[in-house]
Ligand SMILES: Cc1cc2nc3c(=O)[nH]c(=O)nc-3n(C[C@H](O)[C@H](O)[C@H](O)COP(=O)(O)OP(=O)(O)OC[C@H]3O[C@@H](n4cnc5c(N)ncnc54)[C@H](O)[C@@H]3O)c2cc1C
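One chain follows as C-alpha cells, the form predicted on its own.
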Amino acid sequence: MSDNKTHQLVIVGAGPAALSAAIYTTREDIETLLFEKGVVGGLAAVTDIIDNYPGFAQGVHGLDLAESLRTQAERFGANITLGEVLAIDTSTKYPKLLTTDGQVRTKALLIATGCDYKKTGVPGEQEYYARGVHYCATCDGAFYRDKKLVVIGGGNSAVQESIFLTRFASHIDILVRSKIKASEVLQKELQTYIDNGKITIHLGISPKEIVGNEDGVYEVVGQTTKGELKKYQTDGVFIFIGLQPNTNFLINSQVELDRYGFIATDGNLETTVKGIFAAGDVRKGATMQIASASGEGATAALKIREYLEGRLHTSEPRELEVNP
C-alpha cells in the first residue's frame, strides 16, 4: 500500500469506537482508512449476547452488531483494510505508519485498537493455545459439548462466560485467586448454576500449570493460598482474567502512555502528539463499555474534523497520573 498519498484520516483498529468514528468522518466527506489486524468489530464481535447496548431491548449478538457497524461505515465510504500497524513515526509533519502493507502517511490519526485478553503466563498456556486453552467462549465453547471445563477468573467476564459455557459443558470448575468480584446481578445468576450442580467455585486458587499431551489439555494444577497443590481434571481451559491495551506499536513513539499501557488524552481525546487522537477501551479512563466506546468514537470524529479545519483548541490538560 506504500504510496505518496497523504490520507486525511487513518484509524488504527476496527472495533465499535473505530467504526463509529468512521461513520461520522465519512459522512463529513473525510477520506478515512481503517487498519484492523484481527476481527472487524473487535472483542464485541466475539461476544455472544450484548445485553446493555441502547436500542436493543432483547439484546443483540455481538457479531450482528459488529457487522451492522461495518456495513454502515462502508456505506458512507470507509475503507477497511486487514493489516497491522507495526510502529508510528511521530517525528515528521504528518504521522507516518509502518504497516504490514508498507508505509502510510496521514494528516490525522485515530488510535482505537482496544484491548486484548490478559494471559496467566503459566506453563502450558501458550503450548496448548487453541488445543485446549481458550479466551473466547463464543468462539470455542461449542467444541466442549458434554465435557468438563475449567474457567480461570472471578470478574464479570469470567462469570458471564462461564454461564454461557453451561450451554455446552457438563460441568465447570471456576478457579478464583481471591474472591468473586462480578456484579451483584451476575453473582445472583451464577448462584442458580451452583445450586443445580453445573458450576463449582474454588476460591483462593491460583493456576500453576496447564497439563496436556498430544490430544490436548487434561488437567489444571492450582495452588492454594497456603501453597497446597490441587489438580482439576478437565477437557479444556477458558481464561478470563482481564484485558490489556493494544499499544505495543506505540512504545517508541511520542504518544504518552500510562504505566499500564493506556493512552493519555485531553478533553478533545487528543494525545500528547498533535493530530493523533485516541478513543475507546485503549484510552486511559475508558469505561470498557461498548456504548461508551461508540460514543467516544463519534466525539473523536467531530474533534478530528475540527483539527483538520484548523479549529481545534485544547479544552483541558491531559491527566497523566495513574491509579495506584
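Computed from a predicted structure; not experimentally measured. For every residue, the number given is its place in the sequence shown, counted from 1.
Unshown form predicted in complex with the ligand; subsequent notes refer to it.
Which one, 252-260, 291-299, 269-277, 22-30, holds residues whose non-hydrogen atoms are within 4.5 Å of the ligand in the predicted bound form? The contacting stretch is 291-299.
Residue-level question: is D140 within 4.5 Å of the ligand in the predicted bound form, judged on heavy atoms? Flag for D140 set to no.
Since only the chain is shown here, I'm wondering whether P123 would be in contact with the ligand in the predicted bound form (any heavy atom pair within 4.5 Å). Contact with the ligand, no.
Classify A14 as contacting or not contacting the ligand in the predicted bound form by the rule of any non-hydrogen atom within 4.5 angstroms, answering yes or no. Looking in the predicted bound form, residue contacts with the ligand include A14, since a heavy atom lies within 4.5 Å.
I'd like to know if L63 sits close to the ligand in the predicted bound form, meaning any non-hydrogen atom pair within 4.5 angstroms. Answer no; every heavy atom of L63 is more than 4.5 Å from the ligand in the predicted bound form.
Scan Y129, Y218, F164, Y117 and let me know which has any heavy atom within 4.5 Å of the ligand in the predicted bound form. Filtering the options by heavy-atom distance leaves Y117.
Since exactly one of D89, E189, E84, E209 fits, which has a heavy atom within 4.5 Å of the ligand in the predicted bound form? Residue within 4.5 Å of the partner: E84.
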